[in-house]
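Quick heads-up: it's one chain on its own, the form predicted on its own, in structure tokens.
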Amino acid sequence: MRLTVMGREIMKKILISLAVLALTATGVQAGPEEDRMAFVKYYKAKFPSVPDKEYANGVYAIDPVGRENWEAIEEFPPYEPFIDAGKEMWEKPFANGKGYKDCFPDGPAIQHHYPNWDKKQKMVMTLPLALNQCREANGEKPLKYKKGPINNILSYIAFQSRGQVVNVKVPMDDPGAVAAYEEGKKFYFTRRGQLNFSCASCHLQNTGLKVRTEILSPSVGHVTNWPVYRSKWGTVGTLHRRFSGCNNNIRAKALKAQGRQYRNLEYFLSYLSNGQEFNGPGARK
């Protein structure tokens, strides 16, 4: 994208504000809403023709060629069998006669409730973690967090939740919630691995550019379409599986799925996507 002199000046100012956000990830806090608006302004300046709601479509908001291929794939979605399998899981009782419906009485369209700050447990609660806590409370074994049946029930819930809006809250009167958000923000801006990249290196600083043949997507909208069927995987996978893959790509150590650091990163990224519609499960390359 070519910018006018005025456009470059606007971009420079926004980049300065984002640099301040990176510094405050380890120092004085900027509020979550200030963070979100800085990201939104940055992407608006970089992609002025992209409507706000389009960011829910991830990279296909800014990649017209890739979008054509994606829309063709969506004619016969490869994730449909996983939705059907997830519906069976939702409706099948546990050995004790109870089921997911007892844990989530307002379900299955419950994706808009997550992630959230669980004041009682003093931690960020994600949907996969809540599903496994439901299972364990009813005498069932927990599901693995990257591959397998967890993706079936997440696909069903995501499909039922389409059209709901991301509305993550960070209670500013709760030091634990603020600390979790700030840790997720710090993780996003911290460089790591042999390549010395951060999340921001690809999805903020170089958004819209290519790594090999892949266009780097904006961070706003990153959480809206999970779980995702990736052609590379040949199956559906979770958001935390993708986090691990990103760490592996930059030759950093992949962390435990649903561990504190990845949950806090999800909390931060989800707040950035407030106002975007959930449209999972998705299909990606």
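Quick note: we count residues from 1 along the sequence shown, nothing fancier. Since we're looking at a predicted model, the values are computed, not measured.
FYI, the form predicted together with a small molecule isn't displayed, but the following is about it.
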| query | Is K46 a contact residue for the small molecule in the model of the complex, using a 4.5 Å heavy atom cut-off? | reply | no
| Exercise: E214 in contact with the small molecule in the model of the complex, heavy atom 4.5 Å | yes
| Though only this chain appears here, would G237 touch the small molecule in the model of the complex if you measure heavy atom gaps against 4.5 Å? | no
| So, in the model of the complex, is R242 in contact with the small molecule at a 4.5 angstroms heavy atom limit? | yes
| Non-hydrogen atoms within 4.5 angstroms of the small molecule in the model of the complex: do L129, I153 and Y271 all have one? | no
| field | Which of 214-222, 33-41, 64-72, 46-54 sits within 4.5 Å of the small molecule in the model of the complex, heavy atom basis | value | 214-222
| remark: Among Y79, F159, Y145, F197, just one has a heavy atom within 4.5 Å of the small molecule in the model of the complex, namely F197
| The unique member of Y100, Y181, Y114, F187 whose heavy atoms fall within 4.5 Å of the small molecule in the model of the complex | F187
